[in-house]
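Just the one chain here, the form predicted on its own, laid out as structure tokens.
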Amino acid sequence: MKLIFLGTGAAVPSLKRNVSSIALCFEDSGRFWLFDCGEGTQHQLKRASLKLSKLEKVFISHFHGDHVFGLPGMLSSRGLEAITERVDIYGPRGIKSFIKENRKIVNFHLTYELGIQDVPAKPMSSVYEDDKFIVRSNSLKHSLITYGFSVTRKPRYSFMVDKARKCGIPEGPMFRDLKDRKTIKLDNGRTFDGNDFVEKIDDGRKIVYCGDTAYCKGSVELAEGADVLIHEATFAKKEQELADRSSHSSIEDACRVAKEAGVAQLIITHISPRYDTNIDDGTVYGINDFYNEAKSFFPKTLLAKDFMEFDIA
């Protein structure tokens, strides 16, 4: 898996940063999920060489425009391209009405199945699960209903083919059952436990996205033990009052969540355009100062920029 940061700025697009959107890509299949879809996301997808036909899911954190204005246009473009692959949208209550009203007013046509689900309002809810992944949500602290999301890739196992062959187990359906750690029975009456024929490759991975939020226990709970935490830090510490007033996070807030949750890597995004300056004469607090401040609070911090990629083993 890898993350591609499609938009890392706050509130409005700038010349250096588009607004919020992050792709989680599955490199074995070319498919990807999106977390938020700010204005211009489909342009960013093209620049990142991600195909709309490979989009499987979109998770919307909240209804502020810099996180959702790109969604109707992207869905419309999928129809104009005659894409037939289904896409599922998960968002706060109201997401169905948001898409329905946009479709009705603009009258755009879909050529594919569109699934739309409300994110459960209960704490630490399961949003989606299959045999490889589980996605959970938790409420964050912002100026309107907002959710963070965690994606946990379940532990991976490899099948011990040679051991199965030595035991005289015929290849085919029985091999598949053993891979699924089921118990099988041969014609001669011998039974085998699938757990004895698999070995763990890794303990799984956990990625957490907290798009817009002030510091809150919901973020810490969601991020507990994460391999990667993507957390907004709209403001520097010196503007903590502004961060608090707007229900956003300062650098220190984001790093505090990372420390308390015990995450391995913090990636800061949703950065105010006020820090993207090329002036380096010591008179203006610029992006390098912003980054150095983050590193001073939590050394394992990266500062996201548009089209940055981060690999997850």
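Numbers follow the displayed sequence, beginning with 1. Just so it is clear, the structure is predicted and the values come from calculations on it, not from any experiment.
Absent from the display: the form predicted in complex with a further copy of the same chain. The rest refers to it.
Colleague: Should residue 170 be classed as touching a further copy of the same chain in the predicted bound form when contacts are defined as heavy atoms within 4.5 Å?
Modeller: No, residue 170 sits far enough from a further copy of the same chain in the predicted bound form that none of its heavy atoms falls within 4.5 Å.
Colleague: In the predicted bound form, is there a heavy atom of a further copy of the same chain that lies within 4.5 Å of any heavy atom of residue 115, even though the partner is absent here?
Modeller: Answer no; every heavy atom of residue 115 is more than 4.5 Å from a further copy of the same chain in the predicted bound form.
Colleague: Given that the partner is absent here, does residue 152 sit within 4.5 Å of a further copy of the same chain in the predicted bound form, heavy atoms only?
Modeller: Contact check for residue 152: no, nothing within 4.5 Å of a further copy of the same chain in the predicted bound form.
Colleague: I'd like to know if residue 302 sits close to a further copy of the same chain in the predicted bound form, meaning any non-hydrogen atom pair within 4.5 angstroms.
Modeller: Because no heavy atom of residue 302 falls inside 4.5 Å of a further copy of the same chain in the predicted bound form, the answer is no.
Colleague: Would a further copy of the same chain be touched by all three of 40, 47 and 94 in the predicted bound form, meaning a heavy atom each within 4.5 Å?
Modeller: So, yes: the whole triplet contacts a further copy of the same chain.
Colleague: Could you tell me which of 24-32, 61-69, 253-261, 284-292 sits within 4.5 Å of a further copy of the same chain in the predicted bound form, going by non-hydrogen atoms?
Modeller: Selected range: 61-69.
Colleague: So which of 74, 198, 236, 184 reaches within 4.5 angstroms of a further copy of the same chain in the predicted bound form, heavy atom to heavy atom?
Modeller: Result of the distance check: 74.
Colleague: What residues in 1-36 sit within 4.5 Å of a further copy of the same chain in the predicted bound form, counting heavy atoms only?
Modeller: Stretch hits, in order: 11, 12, 13, 14, 15, 18.
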